[in-house]
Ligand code: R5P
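Take a look at this one chain, the form predicted alone, written out in structure tokens.
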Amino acid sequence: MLVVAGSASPKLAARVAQQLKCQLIKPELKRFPDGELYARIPADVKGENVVVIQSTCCPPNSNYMELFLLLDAVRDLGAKKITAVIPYLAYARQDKRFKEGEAVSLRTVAKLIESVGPDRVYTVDMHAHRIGDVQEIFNAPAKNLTAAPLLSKYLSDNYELKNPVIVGPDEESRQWAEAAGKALGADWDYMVKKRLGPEEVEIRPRKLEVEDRDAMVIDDIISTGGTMVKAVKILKKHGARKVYAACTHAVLASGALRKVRGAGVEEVFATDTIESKISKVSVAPVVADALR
């Protein structure tokens, strides 16, 4: 097996290759004066099982184009089996047509990925809440992996926790709160909205009491930070002792990290699906296990 490292995922690709004890290939990439991307695979991949690892984080269009070129190149060069690992799959938010005439971008990028011929596709905590299974959007075999247990393990390994509870900031984050809570052996919950009047809405944990307990708020993405900040403040209002913020994908747009830290969390941490300064947890173990 050979692992090809896309420019958006060099550290993760190296960690996966190390776990699998296989060769890491760093493609030759450069830009032409007009902005077009040049890609070259500097290795013989004919007859090999090749894994291309490339997140499609910011800038998503450029990173997608690189992914397409790398996948198509290894196919043209005669790879026996090609696996696309796309740790962060951009354009997944638009997984249905909300208004007449809208492009359903998730299905568009799925078609483009399939067009360059991977035999299998892996994603991690894909942000498509109305899709029950990633296999619904890909014709090729596909699986969505989760980093939630790794995030809760990081929390337990690094902090002395008092009666911990894992909380999702909204109903859509229930799946990650449940997976993280079960992995930690801790209570888990998610927040819900309750309308108290025409202009008054209460957001609170659905059933669990958090007073004098350590809480980790978990979500798939911290983008602008608004949802996470609101959740942290609510937990503190309800008496949580210490609050930690965790996510799989650290998009961190519009000063998000500053906002979340300003809400009074003990730490904000994420995985290396998007390589950032808060990427304290690697998804390499779950990716490597899937590839095996």
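A residue's number is simply how far along the shown sequence it sits, counting from 1. These figures come from a predicted structure and were not determined experimentally.
Omitted from view is the form predicted together with this ligand, to which the following refers.
Contact with this ligand in the model of the complex, defined as any heavy atom within 4.5 Å, is confined among 217 to 225, 100 to 108, 71 to 79, 184 to 192 to 217 to 225.
Here is the short version: of E178, E114, D170, E209, the single residue with a heavy atom within 4.5 Å of this ligand in the model of the complex is D170. Screening R120, K96, H129, R174 for any heavy atom within 4.5 Å of this ligand in the model of the complex leaves a single hit, H129. Contacts between stretch 257 to 290 and this ligand, counted in the model of the complex as any heavy atom lying within 4.5 Å, involve no residue at all.
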